[in-house]
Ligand code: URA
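Shown next as structure tokens: one chain only, the form predicted on its own.
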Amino acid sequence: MRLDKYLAHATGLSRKEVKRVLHRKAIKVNGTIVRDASLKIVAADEVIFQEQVISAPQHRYLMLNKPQGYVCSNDDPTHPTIAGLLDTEIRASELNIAGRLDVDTTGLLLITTDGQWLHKITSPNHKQPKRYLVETADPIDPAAIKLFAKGIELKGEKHFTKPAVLEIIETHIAYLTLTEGKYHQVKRMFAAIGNKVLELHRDRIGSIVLDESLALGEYRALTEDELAKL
């Protein structure tokens, strides 16, 4: 890991603050003053700041209940971002989001600083199912259960969608479980059968279920049990 990222993750300093610290020659690596932000740090290195050894940054694994109106990015000129929902220390980390949600979609986001773990969640090879609670404008035709299970031809796509599981809860409400993530896929699948999605909420990724105690905009660390499920 680069020294500037190491310091930002371990101390909560912003990248700009890290540059200032390095410029002041306030960082030692293995007993030598270092100003090179790009220096690669490994587990065996000793990094000292303010006369104290800085512990290696630990990866973070979070679940967040995304509200409507927020975009899944660190910066956006027109909408508030989920980064703004996190504490300053966490925002200083390098955010990686597993399974981004549209601006008008709510629900479960998994956020981590661990790129390898993120790959396990997002790689098509691992086929982590994602479940959505869908509310539609018109009643949901029960025939859609078999159509979605076979795969739907989406406008502008060469291939049918992969088999999806549709569970009708009420006339206008259903759970839809996908193992892929095409652009606006849920909305486009319902549009393909002549219906319109009014509300969309994700409550599950793989075996991790959104904590019902989390209000919109709130987050918490994943438990050891939850991490072990993926």
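Because the structure is a prediction, the values reported are computed rather than measured. The first residue of the sequence shown is number 1, and the count goes up from there.
One more form of this protein should be noted, the form predicted together with this ligand, which is absent from this view; the next part is about it.
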Candidate from V47, L62, V34, V186 lying within 4.5 Å of this ligand in the predicted complex - any heavy atom: V186
Partner-contacting position among T122, T105, T136, T112 - heavy atom within 4.5 Å of this ligand in the predicted complex: T105
Within 4.5 angstroms, counting heavy atoms, which one of the listed stretches 22-30, 177-185, 36-44, 161-169 is next to this ligand in the predicted complex? 177-185
Answer yes if any heavy atom of F148 is within 4.5 Å of a heavy atom of this ligand in the predicted complex; otherwise answer no. no
Mark I205 yes when one of its heavy atoms lies within 4.5 Å of a heavy atom of this ligand in the predicted complex, and no otherwise. no
Test of understanding: in the predicted complex, would A144 fall inside 4.5 Å of this ligand by heavy atoms? no
Would L101 show up as a contact with this ligand in the predicted complex if we use heavy atoms at 4.5 Å? yes
Could you list the residues in 191-230 that come within 4.5 Å of this ligand in the predicted complex, counting only heavy atoms and keeping sequence order? L200
